[in-house]
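The same protein chain appears twice below, in two forms, each given on its own as structure tokens and labelled structure 1 and structure 2.
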Structure 1
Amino acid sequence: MFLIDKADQYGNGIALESDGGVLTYRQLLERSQTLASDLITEKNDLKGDRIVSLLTPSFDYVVLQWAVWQAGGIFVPLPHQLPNDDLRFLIEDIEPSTIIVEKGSLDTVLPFTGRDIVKTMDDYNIDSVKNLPSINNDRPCMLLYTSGTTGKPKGVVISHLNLEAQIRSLQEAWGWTKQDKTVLTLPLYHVHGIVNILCCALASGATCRIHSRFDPQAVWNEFRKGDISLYMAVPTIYAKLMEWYDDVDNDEQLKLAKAVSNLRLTVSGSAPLSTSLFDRWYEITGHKMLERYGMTETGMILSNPLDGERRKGAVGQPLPGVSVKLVDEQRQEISSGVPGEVLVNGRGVFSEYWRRPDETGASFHKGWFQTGDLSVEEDGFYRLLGRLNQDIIKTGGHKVSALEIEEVLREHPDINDATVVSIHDDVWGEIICAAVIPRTELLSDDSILEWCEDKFINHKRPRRVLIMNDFPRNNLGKVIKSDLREMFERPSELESDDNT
């Protein structure tokens, strides 16, 4: 196991920090080994048992993750607060042998499972170590669920080999060293927080400072300390950081901008980074944000370079150890400048969807994973055009990228953010619908539609507009476009919606 083996080399180096103290690599290793021994009290190897974590980002979370791996189990991190229907679905799908919850959270899980498998970290006697099993790298180590923005979440099976490949690729691409220190403000049930931040830091001998939740002032305070070297987040978080920055006085802004300028790297991902956010972050910090692209099933796929041009609006080039090609609808490889679906191959690509052999088989073509994302390659840089099933709109005989329309809408001086969906129309096939977050109260539907007449060719022009306080989003800030589409399809409900 790559991470566990590396930890032994880093000894008394600080692995984790939080407001509650520090944990060295040696302490992390010792605590996880003793917990692993307790997890296999009745047998010598968990042999793929699923251990669900409903813990918030914390030392306990990492200790449990490493313990499950060393005991031969599959670690399944889930949000610690889930709607009942979602939690019931996931528990039934996973069939866990154990569920670890926060103190006082037993009642949230007990209606869906037996008391005998629900535990807290206090239920374990972490005081002795027994012989732990030898773990082959081909064995599964994690079950991560897709975001579920277009349907029921699917469990993605990741092996120790997949995880190691994903980590090594990012270590090389982003220059991780044991001198690095990062701050984690993302949830730890998606690949972004788990692999890109936590695992890369710990595999490199670096220090990861854990925040249990995102708070803009707390993050700015971390930057002010001067010891953070890199930061990774989603566009929504960067937008909130900049909103907080805009609310302080000029002297404070100068101090904050100086603090961030000392970081060696800031990275954005998990959702499209608008060119306006890219420009504004550069204006404040002097940093050209490094945008990257990846998926739960593959880890990271493309990235702008650490050294060299970071092209705004592009997600970069294939990462080390990752092969990428674009194909047409007949799965034939296409030439530069022509849009096509992104296909991926490499050691980091997942092995299967949990208990879904048909969907696993349908997601691969001759060994290449079919991402369902449309992209175009221009001068070696890839630019995403959206999801094939929700961001490519077929209207009036034309194919239109929702992401391109969104970028133009964000150029409107009174629009803070925009997202685009389509709904069925008997004449056009589909019509383009735009939801926007305003900067001022003066913005109106009619003024937006009038502005669009000069900005778009006829078939790219939005036909309906919805002004909102915010969009429906998942926990990583991705817009849930299926919910928006339903709102446009039920105009009578829009009239009474509190967000309009």
Structure 2
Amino acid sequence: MFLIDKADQYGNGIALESDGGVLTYRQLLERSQTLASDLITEKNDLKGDRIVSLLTPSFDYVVLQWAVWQAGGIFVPLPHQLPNDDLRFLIEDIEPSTIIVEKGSLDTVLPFTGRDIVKTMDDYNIDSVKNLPSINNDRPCMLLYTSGTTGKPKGVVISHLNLEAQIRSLQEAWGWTKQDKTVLTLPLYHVHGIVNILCCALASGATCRIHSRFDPQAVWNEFRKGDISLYMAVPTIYAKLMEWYDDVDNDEQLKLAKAVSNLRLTVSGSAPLSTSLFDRWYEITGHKMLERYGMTETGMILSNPLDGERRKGAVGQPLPGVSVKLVDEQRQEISSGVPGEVLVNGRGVFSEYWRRPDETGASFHKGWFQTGDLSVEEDGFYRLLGRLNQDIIKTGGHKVSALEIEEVLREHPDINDATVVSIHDDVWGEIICAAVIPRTELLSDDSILEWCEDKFINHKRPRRVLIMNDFPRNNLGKVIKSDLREMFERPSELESDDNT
């Protein structure tokens, strides 16, 4: 196993840091090996059993991840604050053998599963290491859930080989070394936080400082300490960092700007980086943000270069080990300057959606994964133009399915029908908006928004609601989402339409 073998070489180097202390590579290995021994108990190998983690980013999270891998299991990280219905759906889909929760959170999962499979890290206490199984590279190591075009999320199966290829590609492209130190402020249930930040740091002998959640002031404080060399985040986070910066006095601004200018690299991805954010970051820090593009199913695909021109509004060139082509609707490769769908091939690309052979089959064309993203290549630089499917929303860097939100809204006893669209927002990228047809005149925007608080995880929650007699429709009765989007974009129209 690539990461674990590498860690052996880094011995007393510091792997992880947090406010609670440090963990060396040796300690990380020892702790994860003893936990792996406990996880396999009387078996010799977990043989692909799914171990769900509901842990927040922490040393325990990483120890568990490495333990599951060494025990031959599949690590399934989920957000710890999932609403009940989402958690129930996922647990049924995953069929885990064990679910690890934070101390004090046992009650969150118990309604959906047997007590015997829910554990906290304190339940493990073996202090000797057994013989751990030898794991073939083509075995799955992770299941990451991503919103699909058809509604419910689906699990992306990532093998050890995929993970290794994704890490090696980024190590080479972005020049990771053991002198690097990064600060992780993203959740650890997405590729961005797990692979690009945590795994790349640990595969390189670098140090990853872990924050359990993003807090702009805490990030600026890290930059001020002067030992962070690279930082990666989604555009929303950079927008929030700059909002914080704008609110402090001139003296403080000078210090913050100087602190960031000492970093060797700042990277943005997971959602489009607007040219205004790119310019403002450059103005403040002197850094041309390196923008890159990727997907849960593929890892990183395209990236602006570490050395050489970083083009504003573009996502650069194919990363090492990744092949990219743009195709038209007939799946014919197209030439430079013509927009087409991005297709990807390479050792980092996943092989299947968990227990969804039809969706897996439909997502590949002759071995190439079809991303659903549109792009154009202009003198060697790829620029993204949007998505083929308008029902996929990216908000705060999270991918969300409009159809999934619509289905939940239709469960509201006073809602007859619901349609979900998104509108542009400078901070969140896109904001989720819901139009609903009520069953009763008593239904109000506020009551819907309040109902949504329990039904959706924060990033899936509609932020604007419009109550309507009917949606704009074409001759066939199909909802015209672009018209609805315009209504949300123009609040004055929104008020005049809110007439039920």
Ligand code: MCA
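Basically, rigid core = biggest C-alpha set you can superpose within 1.5 Å across the two forms. Residue numbering: sequential along structure 1, first residue numbered 1. This is a predicted model, so every value here is computed, not measured.
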Checklist outcome for this item: Matching the form predicted together with this ligand against both blocks gives structure 2
Checklist entry - Can you say which of K460, R473, S276, Q390 is at the hinge when one rigid part swings against the other between the two structures? => result Q390
Checklist entry - Degrees of turn, smaller rigid part against larger, between the two structures? => result 147
Item to check | For V421, CA displacement between the two structures after the core is overlaid, in Å | outcome: 5.8
Item to check | For H412, CA displacement between the two structures after the core is overlaid, in Å | outcome: 37.4
